[in-house]
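Presented as structure tokens, the chain that follows is alone, the form predicted on its own.
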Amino acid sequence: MIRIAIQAKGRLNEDSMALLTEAGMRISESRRKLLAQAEGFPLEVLYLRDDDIPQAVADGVADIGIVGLNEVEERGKDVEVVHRLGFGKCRISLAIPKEEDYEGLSWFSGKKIATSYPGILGKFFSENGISANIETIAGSVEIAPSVGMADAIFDIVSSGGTLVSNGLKEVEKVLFSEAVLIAGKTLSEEKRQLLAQMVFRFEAVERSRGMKYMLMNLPQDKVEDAVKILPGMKSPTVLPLAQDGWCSLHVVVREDELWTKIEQLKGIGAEDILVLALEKTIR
């Protein structure tokens, strides 16, 4: 049995639970407590605040965890980043009042910066030779300049809309974050094996995202043309049909290329094209 810590609520919780479910690790919401056992895998799920997850993993309270890279960097705990999960993407940036002229990092020298991430910001300023007053506050960081609490802020940015609505502009992107799978440094060999199995399942789910499975009927003499259009994962699968001179071609394609490929295939005589959802890709 291996124990994973995930965020108790919020978007990261939703994405983490969806990933576990897609990977065959089902947790019943009706039985959800602080600690819940999954079905389909020897896994316990521990629900915590996101900023407590790195410490819980470092201390061995949980064996592994799903948390934002920003929290891993801020807490500075002795954990291993095992796998980047590709969701929960954001950045932590420096922002200043929009009317201010900005010509470089020297603008921050001697200024007061409000943030919930003093560790990351302190390291960044130290590496760049900037001496500033870092003011640690929790929540509503973006209002600090407008109420006179700070000259600038260092905070999470997703779309940038919150900055604009508070009269701020983003001037330095310091850290790009996403959800990561972390592990303690002292896992037993048995738990290391379970972790490897979990990562294998996650990768199978991730490879299927943004992909579609296509099959179509095609004149046999057009197979080479189709292969040039659809290289596939190795190459397309070609199966003979009962009708002479025709075959069935099967291939996996990227969803963002789907309609372009369909138009090209129709152009060489493909018929009866089916597009199906792709759930898992195992290698």
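From 1 onward, residues are counted along the sequence shown. Worth saying up front: this structure is predicted, and the values here are computed from it rather than measured.
The discussion below concerns the form predicted together with a small molecule, not included here.
- Although the small molecule is omitted here, in the model of the complex none of Ser93, Val164 and Gly167 has a heavy atom within 4.5 Å of it.
- At a distance threshold of 4.5 angstroms between non-hydrogen atoms, Gly10 is in contact with the small molecule in the model of the complex.
- In the model of the complex, no heavy atom of Arg207 sits within 4.5 Å of the small molecule.
- Taking the partner from the other structure, the small molecule in the model of the complex has no heavy atom within 4.5 Å of any heavy atom of Glu257.
- Proximity of Thr115 to the small molecule in the model of the complex falls outside the 4.5 Å heavy atom cutoff.
- Of the listed positions (Ser131, Ser158, Ser188, Ser146), a single one reaches within 4.5 angstroms of the small molecule by any non-hydrogen atom in the model of the complex, namely Ser158.
- Site annotation in the model of the complex: the residue of Arg49, Lys222, His250, Arg26 reaching within 4.5 Å of the small molecule with a heavy atom is Arg49.
- Annotated contact segment (heavy atom within 4.5 Å of the small molecule in the model of the complex): 62 to 70, selected among 240 to 248, 213 to 221, 35 to 43, 62 to 70.
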